[in-house]
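A single chain comes next, written as structure tokens; it is the form predicted on its own.
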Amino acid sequence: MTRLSGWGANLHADSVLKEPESEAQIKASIDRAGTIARGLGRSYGDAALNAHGRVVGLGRFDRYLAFDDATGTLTCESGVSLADIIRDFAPRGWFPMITPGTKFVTVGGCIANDVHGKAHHVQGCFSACVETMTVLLASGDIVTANRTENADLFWATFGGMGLLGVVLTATVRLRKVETTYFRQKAIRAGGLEAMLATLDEYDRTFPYSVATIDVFATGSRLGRGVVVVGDHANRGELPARLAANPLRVSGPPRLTVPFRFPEITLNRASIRVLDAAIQRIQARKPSFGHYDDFFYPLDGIAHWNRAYGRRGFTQYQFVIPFADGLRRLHDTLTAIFSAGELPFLNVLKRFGRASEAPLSFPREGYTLAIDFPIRTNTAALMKRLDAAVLDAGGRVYLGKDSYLDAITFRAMYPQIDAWLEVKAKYDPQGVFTSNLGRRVGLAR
């Protein structure tokens, strides 16, 4: 048995871990008593945990199979990471079309979570850049799934958290870029109403946008923070010092958190200092920023999750509709900041239209993601937030979740029955299962 956890390190499970390197080895690794695939373990909770069951790690299943330099179409095994793609294709002028806030995720993981980024209102989720995939079913068959062939499986796999089968390969479209830099702008907002107005305004002129909220601002200043917007920079607009190497690719992380910090390290005083530093850094963004600073600021610190201590942390991400969004966000932030917990890193964004995937998280509205070090009352707060989000007509992101129950999940995701029909069709014996799947009623 191997003891595994998600990135939040707040939930653990002893599992039989297999790490195959070939299609045949993956087939041989499937245990019909219960199996889940795992990428680089960057889902925060228990999505890739299977207590006392089989976990198939796909980090070594990471080969490129084909690339069309004219169209930017890449076919690869599902264990290829976005970091791999950036390292190998950015110097050739290609970048991932859709990316979350870390590059240390596999293509298979991006599909399972239908990840989104800072430009969902313009570009959609990861499903928007996937042309086709091959999936290993519980029967042992390998099928092709795309928008015309096995389309029900194709769409249900996005956001399906690996519970329909093992994605073996995927064909994805990359984005043509002249540089790996971003033209960016920072705007201070003095409160929540100004924050949302700024996001609404700049989303019409910049494809990428994200806001960071000051977690210590209350009263009339509640929701105060900084909005950063940006777009891919062309070579001709870069200053000379950057234009000399316009497709620069970063190396490995420069810093490492070597061990789990003592729990007393994160307290109101230390978080206040760090929060103020983050606000200053965001507000002083230079006119041009490298992709690592723009997309992946935390990737520069290896094992940064260890800073949350022995009990780990949870990240709570939800989306609520635009309608009445200001009031609902105000009430939710008030509940968060007055709960006596230690909310820390956070990002606020706008989402565009939902995809066709029945369990894909994004829908039109405002989305907030915020970290909580695990303390005695953290789980109870998550339950209260679930109720508030549900009452607002919103939902919670399974890729970050650790506490959602089956009844609330069903209420948040009205297309669950359609997804379960696909599950019954392609995995009638329930071979693919996980702690998360069982917890929210997607598996047994």
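The model shown is predicted, which means the values in this text are computed figures rather than measured ones. Just count from 1 along the sequence shown to find any residue number.
The form predicted in complex with a small molecule is left out here; the points below concern that form.
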**Prompt:** the small molecule isn't shown here, but in the predicted complex, which of 375 to 383, 415 to 423, 63 to 71, 46 to 54 has heavy atoms within 4.5 Å of it?
**Reply:** 46 to 54
**Asked** Exactly one of 101, 246, 93, 325 has a non-hydrogen atom within 4.5 Å of the small molecule in the predicted complex; which residue is it?
**Response** 101
**Prompt:** Among the candidate residues 238, 138, 97, 298, which is the single one with a non-hydrogen atom no more than 4.5 Å from the small molecule in the predicted complex?
**Reply:** 298
**Prompt:** So, 197, 330 and 367: all three within 4.5 Å of the small molecule in the predicted complex by heavy atoms, or not?
**Reply:** no
**Prompt:** So in the predicted complex, does any heavy atom of residue 209 sit within 4.5 Å of the small molecule?
**Reply:** no
**Asked** Would residue 34 count as touching the small molecule in the predicted complex under a 4.5 Å heavy atom rule?
**Response** no
**Message:** So in the predicted complex, is the small molecule close enough to residue 304 to count as touching (4.5 Å, heavy atoms)?
**Reply:** yes
**Message:** With a cut-off of 4.5 Å between heavy atoms, is residue 30 one of the residues that contacts the small molecule in the predicted complex?
**Reply:** no
